[in-house]
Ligand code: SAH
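Coming up is one lone chain in structure tokens, specifically the form predicted alone.
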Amino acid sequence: MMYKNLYLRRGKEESLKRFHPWIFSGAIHHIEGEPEEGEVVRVLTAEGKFIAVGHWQIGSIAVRVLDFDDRNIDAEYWEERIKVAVEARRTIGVLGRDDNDMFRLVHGEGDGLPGLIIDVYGKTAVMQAHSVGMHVSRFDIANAVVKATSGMVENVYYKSETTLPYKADLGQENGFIVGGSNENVALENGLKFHIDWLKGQKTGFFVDQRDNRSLLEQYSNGRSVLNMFCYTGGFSVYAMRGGAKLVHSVDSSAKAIDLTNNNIALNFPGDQRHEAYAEDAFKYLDAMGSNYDLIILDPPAFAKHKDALRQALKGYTRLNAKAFEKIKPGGILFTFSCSQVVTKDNFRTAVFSAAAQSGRRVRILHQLHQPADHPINIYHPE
């Protein structure tokens, strides 16, 4: 296939030599012809030497690199790359088990496929494109997922309405692009969960907390558990199986409370240890007594861009300080940030400030992170 050639400014290939998968618009000298957004382009140095092939996009990130070899990006390419991702998940141990059929299959740059997210829930894969190029290739990618999983995945639901650049004006609608299914229950470590890929956040479930939910289960026995910002109640379900004395789930969204109650009923029908409340988190924390000796704080992102960082850190400090003040002596706090602009050091400082404000003696038992099916590309720390 003939791809248009893109020439870099002199010296701008250094980051590509280190396998960084992004090319910024300022690094480009010129392009032969006028590629359409989402088109595949060949990237050449100022001297005309091939260095990469990737998706062209209008914006500050002009090219997302797919390969550092000069090759066609066709149906065979997608199947080959998805197969690599499948084998990695088999090695990690999240695929091929009777007690687990939900995991992240493709994690963007972490799997060398920038702009693409795929989560598997039983026989259905939910696919999100974060670049126009992945949107253009969506049908080839969806078919590749079915082939590369040897038919384990039968349906592919495309959910990119809110993730594609709005300026691209693609008129994208969510929906099945392969197969179709109403079966929305999947297994995680032997526990059942309803997955709301139609209207739920992200792809329908937060698969990135799987290992942390398992850890919480180990600490739950005999404890009174409060799960703040519970969303689908993942931590609550694990706490129940871990032998918690009682579990209270809180979320400001009534829909989230319904999801939580449904997931509790799916695994522990009629169990009286669980109650759920649709209430504002800060109001609930203010009003409650020292009733809990295990608290989970997993709020939505407080900062989605750098300008909001200062306010976000204040929010995290205030939230954690309130939990430190109220938790019983000897209690355990699981606290999280999913704000991309908040670094580990930022977050640790916020939690440190919260501990100091509360006057409680606090120790760190674990420093948690995303699981292995959310790999990080060593060349792409972003």
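Start at 1 with the first residue shown and count on from there. A quick note: this is a predicted structure, and the numbers were derived from the prediction, not measured.
Note that the form predicted in complex with S-adenosyl-L-homocysteine (SAH) isn't included here; everything after this is about it.
Novice: Does S-adenosyl-L-homocysteine (SAH) get within 4.5 angstroms of any non-hydrogen atom of Asp140 in the model of the complex?
Specialist: Asp140 lies outside the contact set for S-adenosyl-L-homocysteine (SAH).
Novice: Look up in the model of the complex whether Asp298 has a non-hydrogen atom within 4.5 angstroms of S-adenosyl-L-homocysteine (SAH), and give yes or no.
Specialist: Yes, Asp298 sits close enough to S-adenosyl-L-homocysteine (SAH) in the model of the complex that at least one of its heavy atoms falls within 4.5 Å.
Novice: Check Glu275 for me: does it contact S-adenosyl-L-homocysteine (SAH) in the model of the complex (non-hydrogen atoms, 4.5 angstroms)?
Specialist: Contact check for Glu275: no, nothing within 4.5 Å of S-adenosyl-L-homocysteine (SAH) in the model of the complex.
Novice: According to a 4.5 angstroms non-hydrogen atom cut-off, is Arg213 in contact with S-adenosyl-L-homocysteine (SAH) in the model of the complex?
Specialist: Contact with S-adenosyl-L-homocysteine (SAH), yes.
Novice: Of Thr124, Thr203, Thr232, Ser220, which residue is found within 4.5 angstroms of S-adenosyl-L-homocysteine (SAH) in the model of the complex when only non-hydrogen atoms are counted?
Specialist: The residue in contact is Thr232.
Novice: Using a 4.5 Å heavy atom cut-off, which residue among Met102, Ile264, Ala281, Val146 comes into contact with S-adenosyl-L-homocysteine (SAH) in the model of the complex?
Specialist: Only one listed residue qualifies here, and that residue is Ala281.
Novice: Picking from 253-261, 173-181, 130-138, 306-314, which part of the chain touches S-adenosyl-L-homocysteine (SAH) in the model of the complex when contact means heavy atoms within 4.5 Å?
Specialist: That would be stretch 253-261.
Novice: Hey, which residues along 71-88 are within 4.5 angstroms of S-adenosyl-L-homocysteine (SAH) in the model of the complex, non-hydrogen atoms only?
Specialist: Nothing in this stretch is in contact.
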